[in-house]
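This document starts with one chain, in the form predicted on its own, laid out as structure tokens.
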Amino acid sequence: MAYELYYWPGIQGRGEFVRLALEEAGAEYVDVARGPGGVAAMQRLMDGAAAAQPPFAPPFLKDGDVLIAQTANILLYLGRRLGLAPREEAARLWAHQLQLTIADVVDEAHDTHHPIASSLYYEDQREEARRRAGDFIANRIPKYLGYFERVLERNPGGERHLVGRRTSYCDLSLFQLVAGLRYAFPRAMARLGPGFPRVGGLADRVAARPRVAAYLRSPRRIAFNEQGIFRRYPELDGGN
């Protein structure tokens, strides 16, 4: 039975982290909301009309009778099933911890263009966004990428992966984070990126993996755009 992934059509968003895991594993899945009636089906699950334990928001995944929400939680569930997580409990929890840290920086990236409220348009908070983005570039991107650089350097399994000796869902998610930052802040990342060669190298290796590369070339990969988490507003990409 195919996995059913529920996420808003037209944007990568947080659903992309789940898509990458499914694509890398060659798993059969349906991106439900991109099909006829899919958004309505997704909303019925969120409203509780079709689920006893409704999710708060997408992404969520349906696997038979199992319904799981929250990106990191979905990947924790899929990791062992798809061969993208370690078998040992301590290592699985470490991978989950890294995924939660990636979720933190993704939230901060979103808040560079919506620092006051998601319900307001970007144009309603432009000046606040400029200040928030300046701090994100100067302080937060280096802090997070520096952390992942150290994790790669200290991984007992080798610096080609975040966890162990094999590609995990964390590697795929770090690729997506770097790709998003490169899209949203090209000038800043051109300057900052060389300072984190292990992170950049991992992102480039993931992009070159056969199934990931095929996915990135396919119509299933929604392009970055100014409706998603990572948005390119040149006035926010000061590079300093």
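These numbers come from a predicted model, not from an experiment. Note that residue numbering follows the sequence shown and begins at 1.
Keep in mind the form predicted in complex with another copy of the chain is missing from the figure; the text below concerns it.
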With the partner left out of view, is R165 within 4.5 angstroms of another copy of the chain in the predicted bound form by any non-hydrogen atom? no
Against another copy of the chain in the predicted bound form, would G200 count as a contact residue? Criterion: heavy atoms within 4.5 Å. no
Report yes if any heavy atom of E159 sits within 4.5 Å of a heavy atom of another copy of the chain in the predicted bound form; otherwise report no. no
Answer with yes or no whether P55 is in contact with another copy of the chain in the predicted bound form, where contact means some heavy atom within 4.5 Å. yes
Spell it out for me: taking another copy of the chain in the predicted bound form, does every residue among R87, A190 and D204 have a heavy atom no farther than 4.5 Å from it? no
Pick out the residues of 175-205 whose heavy atoms come within 4.5 Å of another copy of the chain in the predicted bound form. none
